[in-house]
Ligand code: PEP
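Below you will find one chain, with nothing else, as structure tokens; this is the form predicted alone, and questions on how it binds or moves follow later.
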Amino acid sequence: MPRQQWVIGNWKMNPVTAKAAAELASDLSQSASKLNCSVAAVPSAAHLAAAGNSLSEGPVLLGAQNLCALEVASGAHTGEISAEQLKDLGVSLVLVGHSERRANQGEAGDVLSQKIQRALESGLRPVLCVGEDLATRESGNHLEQVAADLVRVLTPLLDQDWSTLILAYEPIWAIGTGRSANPEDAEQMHQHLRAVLLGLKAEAQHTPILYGGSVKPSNAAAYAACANIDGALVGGASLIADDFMDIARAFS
């Protein structure tokens, strides 16, 4: 059975206003019909409700950029948002371990495992992000380092049902820089990560592995042609509805 293709737009801390977020979501919703891949938009927490209202009647799923790692639905946890609260807002998937949160909030290891656990328990699709920095890539140790990170995060979850897990490979040196891994290098990493996943759990053969890192309409088709790349995690290009839809069509 072929793996489901996914194209996910990470809006990060964009746009500024809820009105603009709602308009972008509406544009995506109107353009996403007749696609043969799953599409999701991931606005900031402040815009989940506004974007969600615009997406509620269409094919584009709503995602969140973060969730609380604690095993609670509510409580005295200032600044946190629980998986249950995300579900109540209509969220279907959640990013875990994005490189910007790893760098800026120090997220790693057990915290990421706990967040995936919370997502799985609540019926959210966790999108686990992994990737290497430029120094690691240039050292030639990128395959081993990314695989070790993947094993460290997922090993505590071996007894869980991974049927909803999505993995995203995002080379840190390609995020927001305009640089991107060439399709051959990206395919090599995806093939390696597929083998690592299968070594952990047999049903991981169905886990989509997306590529993220300066994906744009001009290079999307080349990634889509790779056997082990099952979609894209899109940053800047997801803020332009036409560009994002062109990327989605490449994987459709």
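Residue numbers here begin at 1 and follow the sequence given. Given the structure is predicted, the values throughout are model-derived calculations rather than measurements.
What comes next is about the form predicted in complex with the ligand, which does not appear here.
Consider residue 215 of the chain shown here, and say whether it contacts the ligand in the predicted complex, taking contact as heavy atoms within 4.5 Å. Result yes; residue 215 sits at the interface with the ligand in the predicted complex.
Indicate whether the ligand has at least one heavy atom within 4.5 Å of a heavy atom of residue 25 in the predicted complex. No, residue 25 stays farther than 4.5 Å from the ligand in the predicted complex.
Is residue 132 close enough to the ligand in the predicted complex to count, meaning some heavy atom within 4.5 Å? Although the ligand is absent here, residue 132 would stay clear of it in the predicted complex, with no heavy atoms inside 4.5 Å.
Could you confirm whether residue 176 comes within 4.5 Å of the ligand in the predicted complex, counting heavy atoms only? Yes, contact at 4.5 Å.
Contacting member of 100, 149, 84, 107, with respect to the ligand in the predicted complex [4.5 Å, heavy atom]: Partner contact (heavy atom, 4.5 Å) among the options: 100.
Which is the contacting stretch out of 110-118, 167-175, 136-144, 72-80, given heavy atoms within 4.5 Å of the ligand in the predicted complex? That would be stretch 167-175.
Can you tell me which bits of 14-31 touch the ligand in the predicted complex, meaning any heavy atom within 4.5 Å? Nothing in this stretch is in contact.
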